[in-house]
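The chain below stands alone and is given in structure tokens; this is the form predicted on its own.
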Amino acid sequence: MHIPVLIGLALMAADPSYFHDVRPILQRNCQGCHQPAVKQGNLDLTSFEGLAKGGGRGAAIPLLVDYVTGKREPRMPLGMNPLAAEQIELIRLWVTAGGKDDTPAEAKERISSDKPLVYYQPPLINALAYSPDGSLLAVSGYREILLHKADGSGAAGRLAGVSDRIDSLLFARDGKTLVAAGGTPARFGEVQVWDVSTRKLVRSIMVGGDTLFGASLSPDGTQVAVGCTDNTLRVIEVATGKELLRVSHHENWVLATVWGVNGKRIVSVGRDRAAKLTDAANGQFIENVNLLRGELSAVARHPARDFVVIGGEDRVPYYYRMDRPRVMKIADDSTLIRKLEIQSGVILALAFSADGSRLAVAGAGDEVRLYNTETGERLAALKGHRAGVYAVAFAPDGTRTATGGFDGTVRIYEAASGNMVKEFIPVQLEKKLLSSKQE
């Protein structure tokens, strides 16, 4: 008997599960347009309740098969490739069996703009970004972006989405747009495009089947590059959500990206130890910038020059030119400008000040170190962290440096002295009520 027939019989043997079979299909293919922050067609597909309620065209469950097969127009998912035959069959079997909800009680909690998530412990902070005018500090939370006044004096907004993780935050140069990248592990990757003034989600772009890492905006703000767990570097058009490039030069996960000064090239780094230079117009691989050493997790570019600093598991920041000064040789490292001192832990985040004079190095160690970019001299050590630091950002005027990480606390320092001027948990914490049994 053929394998496809066996698979079909296996599907018929037991009713498909909404939570384990149908929900992942909707998450990856449909939630970008049908979620509380967007809700196209007045339809929310982030929960069974939203699916059962339906939208402007009536109850959604009876219509699912018609829309994903194209019997009703427009075929869904709109503007994307049709669902695979086996996915359509899973949905059809689930609907035929009654379209029942088997979502576990503990998984039913979700958030929306009118139902903020309640936190009982600080959120792990993967990303930080200052707005170009220096008024806002964006902080990654759980399934949301937390906006704060830049000095840490108070909250300024909560931008709720569907991704469990936010791993990158990027303000466009004009400050009007905030781009976030992340996703839900083993489910989907997502790029979110937010209007800063209205606090509204403009576009949700689902990318691949896992979380996205190390996003970076092109200098003109029209494109975003992201790293993927399928070993690809992808470039997405911000205005349309169209995938412009998908390149497979890496041999392992791509964890960080950065654009060249003129937006014509991209440097990406990852678990394969390589800092790869790619033509942003056609995806052509140009060369490795670096000599291979340890796995790489972070990259940053000098604001005015095509120089990049990379770092990872060997705990040493390496400062490279993107352009090779002479003909490449085997195991050549002629693009290296200098290497800095070894850090106290794996390097996880790097950032330049806006004028390029300072470099911040953060990671699994107990401090964030600031360096003079031109000399490599250590200028300050930002202390007070109780665990790994996953995010670091300079204020636009270069006077302050913000950090965040595992302990869920944002800390703001004077960049010149390294003195901490503010620390705060970016969300209000609630006390969890004990059940009678726990009591």
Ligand code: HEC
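All figures in this text were calculated on a predicted structure; none of them were measured in a lab. Residue numbers run from 1 along the displayed sequence.
The form predicted in complex with heme C (HEC) exists for this protein as well; it is not shown, and the discussion that follows is about that form.
- Between 378-386, 393-401, 49-57, 409-417, the stretch whose residues reach within 4.5 angstroms of heme C (HEC) in the predicted complex through a non-hydrogen atom is 49-57.
- At the 4.5 Å threshold, heavy atoms of residue 98 stay clear of heme C (HEC) in the predicted complex, well away from it.
- The closest heavy atom approach of residue 41 to heme C (HEC) in the predicted complex falls within 4.5 Å.
- A residue is said to contact a partner when one of its heavy atoms sits within 4.5 Å of a partner heavy atom; residue 93 fails this definition for heme C (HEC) in the predicted complex, lying far away.
- In the predicted complex, no heavy atom of residue 291 sits within 4.5 Å of heme C (HEC).
- The contact with heme C (HEC) in the predicted complex, taken as any heavy atom within 4.5 Å, belongs to 77 out of 365, 175, 77, 152.
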